[in-house]
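Next up, structure tokens for two forms of one chain, structure 1 and then structure 2.
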Structure 1
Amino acid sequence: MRILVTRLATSIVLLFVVSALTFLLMSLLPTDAARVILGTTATQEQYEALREQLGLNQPLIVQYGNYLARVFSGDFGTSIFTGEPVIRSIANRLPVTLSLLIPGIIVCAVAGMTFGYLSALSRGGLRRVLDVLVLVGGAVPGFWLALVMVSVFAVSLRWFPATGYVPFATSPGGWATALVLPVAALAIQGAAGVAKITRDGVLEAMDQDYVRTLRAAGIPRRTIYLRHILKNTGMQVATVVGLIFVGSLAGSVFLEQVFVLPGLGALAYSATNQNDLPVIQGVALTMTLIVIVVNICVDLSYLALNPKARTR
């Protein structure tokens, strides 16, 4: 409970910082929503009138204060261009992004730990092959890999759809099929990092005194590897998986554009092009909340994997 309370307290500060930085960065752009709405043919009078109507002529600190007042009352504003409430837009897009991120991170963790474990226990040519695969997986740019997968598996072989998203409620099979390529593209690079951490952790643990003691006591090798060695490398893996998940939020912006997925990344991209500040703020806060939840889950995994952490 102490850890949760501490994390929640720092999370409130983080949300304020993120919202303030978003306002500041958007104010530095050479254009604003009024100019985007009116285009380049509007007169200066029309431009100033629309700025006043949207509240963009007020000082930045006043705009930010008004925004915070609305947020505390449960109103995240409405889109300047569509008029749709920001909460509704995010609620419609969030399941798509989570459908990409959660399976992607699960595949990343499972594949990475499997390859790392096999690499640590293998000898000779198999270890070198696995190490090369991990190296290539970490070096390949994500955007290039996504485009290649679309070209090969969607266009040439026609195994999976190239673009689009099918809601799970509409068709579970169509939902799974549409996400195979984006999930694979998201997971491959992260799996390489998890594999390297797992391999190094297992090799280091195998040289520890407690492992030699367990072997001398006649404990089966499978029990030593699965119950003791992997558990002791779990904290390192959990840290890396948490970092990869957070990094995948940024990667999802590009993947949603490549595979035409209507998620938060696509919403943030279109809102940024339109200078739609209420939507940008809502997406930024939502992604920050996801980061906070992931960090709390990582902290709780430390407590589960290492009982000593509970007394610190």
Structure 2
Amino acid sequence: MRILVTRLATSIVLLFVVSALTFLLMSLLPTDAARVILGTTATQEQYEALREQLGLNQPLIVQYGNYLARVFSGDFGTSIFTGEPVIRSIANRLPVTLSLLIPGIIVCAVAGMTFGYLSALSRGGLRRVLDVLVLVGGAVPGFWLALVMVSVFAVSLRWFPATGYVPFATSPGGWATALVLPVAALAIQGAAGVAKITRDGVLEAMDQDYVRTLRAAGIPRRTIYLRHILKNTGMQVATVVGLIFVGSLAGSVFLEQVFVLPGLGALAYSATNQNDLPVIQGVALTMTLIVIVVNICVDLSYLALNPKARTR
């Protein structure tokens, strides 16, 4: 249980650190919100007046305090560029990103573990083929893989749409077909990582004394592999899956560009190009929250898989 308490404590600190960090970074920008809003043609007086109005002439720490106070009341500010409340753009775009991330991580975990197990239990030629697949799958950059898939499956074969997003509510079928390529592109690299850790974990477990005990007691192979070894390698796999999920946040930024998906990553990208401070801060906090939720899930899986973690 201590593991969860520690996790919650670090999570709170983490939220503060990330908010402070983004705030600090943004305050270092050569330009500020007032300048962005007014453009270059405004007079110095207009600029000063707007700074006053936006609270930009107060000390940084005060500005940060004000910002935190607003965030706590659910107000992430409004986009400098579009004037839309940040919380609303995030709410609009979060489902898109989650539609990419969650199926992506599920495919990644299932496919990765299957490949890992197959590789550990096979030998000779099959094993080498699997290992090469894992190696190549883990090495090709996701955005490039996405382009190749577009060129093959969307442009040449026309099986799936090349770009775009259909909300689930509009058409579940359209939603699914639109996501096949992005999810695949996102999952492949991670699946390679999961396969590798699974394979190593299974091979290592097979050499453990306890497996010998189980074998010697006449317990069937199937039970040993699918129950004992699976559970014992579970923690390593869960750790890696968690890390891959965090990493796939980065992947989603690139992929949302390739597939023109209106998700958080795309939002962050356009906000970066426009120096849209409140939006970047909002996205950073949202992504941090996602990371925190993932980490808590990983910790919960430790509790489920490892009896020692429970008693600690």
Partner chain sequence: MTAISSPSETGVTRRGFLHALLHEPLAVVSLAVLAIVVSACLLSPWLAPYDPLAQSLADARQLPSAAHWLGTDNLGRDVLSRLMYGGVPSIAGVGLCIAVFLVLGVVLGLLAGYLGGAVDRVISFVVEILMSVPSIIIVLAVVSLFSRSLNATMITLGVLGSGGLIRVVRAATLKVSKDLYVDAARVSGLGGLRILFRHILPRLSGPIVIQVALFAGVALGVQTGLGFLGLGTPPPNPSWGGMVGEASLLVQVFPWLLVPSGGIIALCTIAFALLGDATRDSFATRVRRSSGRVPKRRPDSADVPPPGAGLLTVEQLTVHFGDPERPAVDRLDLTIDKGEIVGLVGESGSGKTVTALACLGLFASTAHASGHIWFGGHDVVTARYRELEEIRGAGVAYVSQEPMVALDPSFTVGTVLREAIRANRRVGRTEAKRIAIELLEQVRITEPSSLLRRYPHELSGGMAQRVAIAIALAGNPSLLIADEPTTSLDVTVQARILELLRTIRQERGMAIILVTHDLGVVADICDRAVVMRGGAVVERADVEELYAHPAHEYTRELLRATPSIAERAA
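Quick caveat: nothing in here was measured; it's all calculated off a predicted structure. What we label the rigid core is the largest C-alpha set whose atoms superpose within 1.5 Å from one form to the other. Throughout, residue numbering runs from 1 along the sequence of structure 1.
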Tell me which of the two, 1 or 2, is the form predicted together with the partner chain. 2
Cα displacement of Thr170 between the two structures reaching 2 Å, rigid core superposed: no
Did Tyr269 shift 2 Å or more between the two structures, C-alpha, core superposed: no
Determine the rotation of the smaller rigid body against the larger one between the two structures and give it in °. 10
Rigid core superposed, Ile61 Cα shift between the two structures in Å? 3.4
For Glu48, give the CA shift between the two structures in Å, the superposition being done on the rigid core. 5.6
